[in-house]
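Next comes just one chain, in structure tokens: the form predicted alone.
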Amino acid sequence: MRLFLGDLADREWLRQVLAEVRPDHVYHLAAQAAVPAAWASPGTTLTNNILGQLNLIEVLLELGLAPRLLVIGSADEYGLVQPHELPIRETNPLRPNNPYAVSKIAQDYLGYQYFLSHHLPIVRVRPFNHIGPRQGPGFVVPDFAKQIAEAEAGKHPPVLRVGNLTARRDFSDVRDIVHAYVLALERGEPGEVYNLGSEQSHSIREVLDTLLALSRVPVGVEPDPSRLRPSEVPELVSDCSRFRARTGWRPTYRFEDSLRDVLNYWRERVAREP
């Protein structure tokens, strides 16, 4: 295996790498993926996510390459979902309510456009929230786990700062999602789009309570207004029947086990820090 370090904004670098590798399969996951960061810098998020993918596709065309290409969208594309629309199917209207969601819709439909206009074998997926070891700060589960691990190590006051706890999200383990990506690219129908999720929703309060129950020290909870988003969807939960019918995929990791693995990862990471 060889690792190439570069920037999708650099078309010459991209051209050199793709010309050398000439891939049969491309998993395109390069993107700014945090909603808070998108609110803080919407222009950067839009430019990075849209132009990076556009460069990738255009350079493939310039080189005469047509690998199977997986475009990663997001459940955030659905945006302001109405209660009667749950669980969410791929045919649901897209009502983006943050800049990240807009960037992912653009990526999604860029993939569809190049499938239609250039017959590239592009498969699109819309993963719902996924969690697991090595997920960095900026997302709710590692943010909670990191604070608990630091409190256990005496490096942080035993108080967890939290935002909205009532929102409900469809959480899957990243290891299940990666397996789904492989199946999507191998067995998915080019031009199609597939939801990926657990088909169950859990409140952020459930996430918090589960992690607190695993804590080795008592930890308090304190509201933090800076963690609230300008626009919040009460609940997101997936209908993955289209993908299941195509591939047979089902999640295998339990919600509680994924949370425990995230917390243990942060315990190990905090212990290594000075």
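All residue numbers are counted from 1 along the displayed sequence. Small disclaimer: the values here were computed from a predicted structure and weren't measured.
Just so you know, the form predicted in complex with a small molecule exists too; it's not on screen, but the next bit is about it.
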| property | result |
| --- | --- |
| Close approach of residue 194 to the small molecule in the predicted bound form, 4.5 Å, heavy atom | no |
| Residue 74: touches the small molecule in the predicted bound form, heavy atom cutoff 4.5 angstroms | yes |
| Close approach of residue 152 to the small molecule in the predicted bound form, 4.5 Å, heavy atom | no |
| Heavy atom of residue 124 within 4.5 Å of the small molecule in the predicted bound form | no |
| Heavy atom within 4.5 Å of the small molecule in the predicted bound form - the one residue of 42, 52, 67, 36 that qualifies | 36 |
| Sole residue of 97, 92, 200, 164 within 4.5 Å of the small molecule in the predicted bound form, by heavy atom | 164 |
| Contact segment among 82-90, 166-174, 182-190, 116-124, judged by heavy atoms lying within 4.5 Å of the small molecule in the predicted bound form | 166-174 |
